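In structure tokens, the next block holds one chain alone, the form predicted on its own.
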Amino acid sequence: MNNLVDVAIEYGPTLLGGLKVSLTLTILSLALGLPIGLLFSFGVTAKNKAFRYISVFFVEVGRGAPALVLLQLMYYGLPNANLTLSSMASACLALTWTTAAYSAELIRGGMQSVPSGEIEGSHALGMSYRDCLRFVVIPQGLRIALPSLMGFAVLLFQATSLAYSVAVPELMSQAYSIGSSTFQYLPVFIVAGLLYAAISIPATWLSVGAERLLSRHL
């Protein structure tokens, strides 16, 4: 126990720095991936074949390929195409792709859950198709999908630990580096796990609470 406390005190600032990188990577991936996911949610059912095929391709590959494979592809694969990205940019791009793919299906499911009566009512009021999407379908669909999107955000935060494989100095990478230099792997990884849990558990409770709150008004 004393060893664990000593490790937390001595290496806490380094691990907290890694946690900051993990959170930054999560926020960037969500900020970029969610709008793209919204676009793909329309694209997979679009009448325009080119748009539909492109959307389906990115969604299916993003969901079907493990995040670790996408990370390796962006960091090690793109240089073969004369495109070299930093480790942080590669990780952000890969996790953005994963976010867009999964959020597209979550958002599409939410919009399909909007009661047909709401849509028929908007048409009866003379609203155009765009206005119906803008004021009725998209707001209510996002509201329905919000708890699932929050749950996915927690999983994405945990998935940032994979970014150590492309040299991003996030929490897992810092913990492994400290363990390699001190050979105190057990206490270091316990502290790292507690930091992950300190973010993931409250965020999970928040998503469950949001689901219960929104279910009362749907």
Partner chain sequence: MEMLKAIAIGLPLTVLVTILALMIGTVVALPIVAGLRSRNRLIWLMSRGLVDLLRGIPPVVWLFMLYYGISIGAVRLSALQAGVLGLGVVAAAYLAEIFRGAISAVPKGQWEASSALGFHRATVWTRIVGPQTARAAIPAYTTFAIGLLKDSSIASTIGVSEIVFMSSQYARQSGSGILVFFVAAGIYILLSVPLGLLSRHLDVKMRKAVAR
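Here the structure is a predicted model, which is why all the values come from computation and not from measurement. Residue numbers count along the first chain shown, from 1.
Note that the form predicted in complex with its partner chain isn't included here; everything after this is about it.
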task: Look up in the predicted complex whether Q158 has a non-hydrogen atom within 4.5 angstroms of its partner chain, and give yes or no.
output: yes
query: in the predicted complex, does F152 have a heavy atom within 4.5 Å of its partner chain?
result: no
4.5 angstroms heavy atom contact with its partner chain in the predicted complex for L34: no
message: Test of understanding: in the predicted complex, would G109 fall inside 4.5 Å of its partner chain by heavy atoms?
response: no
message: Give me the residue from V44, L38, L30, M172 that has a heavy atom within 4.5 Å of its partner chain in the predicted complex.
response: M172
field: Residues in 47-72 close to its partner chain in the predicted complex, defined by a heavy atom within 4.5 Å, in order
entry: F57, E60, V61, R63, G64, A65, P66, L68, V69, Q72
